[in-house]
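The chain below stands alone and is given as structure tokens, in the form predicted alone.
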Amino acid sequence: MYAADSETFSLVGIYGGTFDPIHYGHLRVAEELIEAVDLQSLRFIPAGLPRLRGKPNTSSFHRTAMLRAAIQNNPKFILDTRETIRPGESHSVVSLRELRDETERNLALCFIMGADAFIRFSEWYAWQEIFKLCHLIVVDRPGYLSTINNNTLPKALNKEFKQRQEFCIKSLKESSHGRIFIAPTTLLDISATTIRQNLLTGKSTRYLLPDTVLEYIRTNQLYSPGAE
């Protein structure tokens, strides 16, 4: 399944999340990672039913449609709907198993997560198997990166982090999986929670998310009183 670690691998980004809704914080991170980590492409995978958080505020159909509208003009961004059509809870490890089987031998998958998600990574379903399927690219969220650097991670995760952390892209390209890289990106303190609250209370969300997404929200009356 995997190429030998002596080979050089091209990197492909995998970006999961509820994207409820997709906003400029997501998109700016994705754009910067394309350049900073030298990603060949980046695949957005909206979750169907997340395991460690509440049910999304709007349906998979609408969240997928908003994502499609947001990324349509970037040829390196790809929409992957596998988790929205898979029944039951969404497990990243299942998607990564499928992607690893579908991906060419000379490509290494890089699973992207925020620092806030990474500190709970040891709570994920089959989390240790994920290291056998991909690299992890951790991006900062305001107030979280210091948590990682101060060794306050859960014991099992902290052990894996110390053994697997890499500091240069070259190291990621020398292996098909198993490394952790903290990527420097611009910190945009934008949250989907704030956007939903602004929409609910009639406050402006301009410049927080793409106009195409905002227009879709207005047309379909999402995140408003009485919405799904």
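Remember, it's a predicted structure, so these values are computed and weren't measured experimentally. Just count from 1 along the sequence shown to find any residue number.
Here the subject shifts to the form predicted together with a small molecule, a form of this protein not shown in this document.
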{"property": "Residue contact check: residue 210 to the small molecule in the model of the complex, 4.5 Å heavy atom", "result": "no"}
{"property": "4.5 angstroms heavy atom contact with the small molecule in the model of the complex for residue 83", "result": "no"}
{"property": "Exercise: residue 53 in contact with the small molecule in the model of the complex, heavy atom 4.5 Å", "result": "yes"}
{"property": "4.5 angstroms heavy atom contact with the small molecule in the model of the complex for residue 190", "result": "yes"}
{"property": "Answer option from 29, 180, 199, 37, heavy atom within 4.5 Å of the small molecule in the model of the complex", "result": "29"}
{"property": "Contact residue in the model of the complex, chosen from 117, 99, 153, 136 - any heavy atom within 4.5 Å of the small molecule", "result": "117"}
{"property": "Contact segment among 91-99, 74-82, 109-117, 126-134, judged by heavy atoms lying within 4.5 Å of the small molecule in the model of the complex", "result": "109-117"}
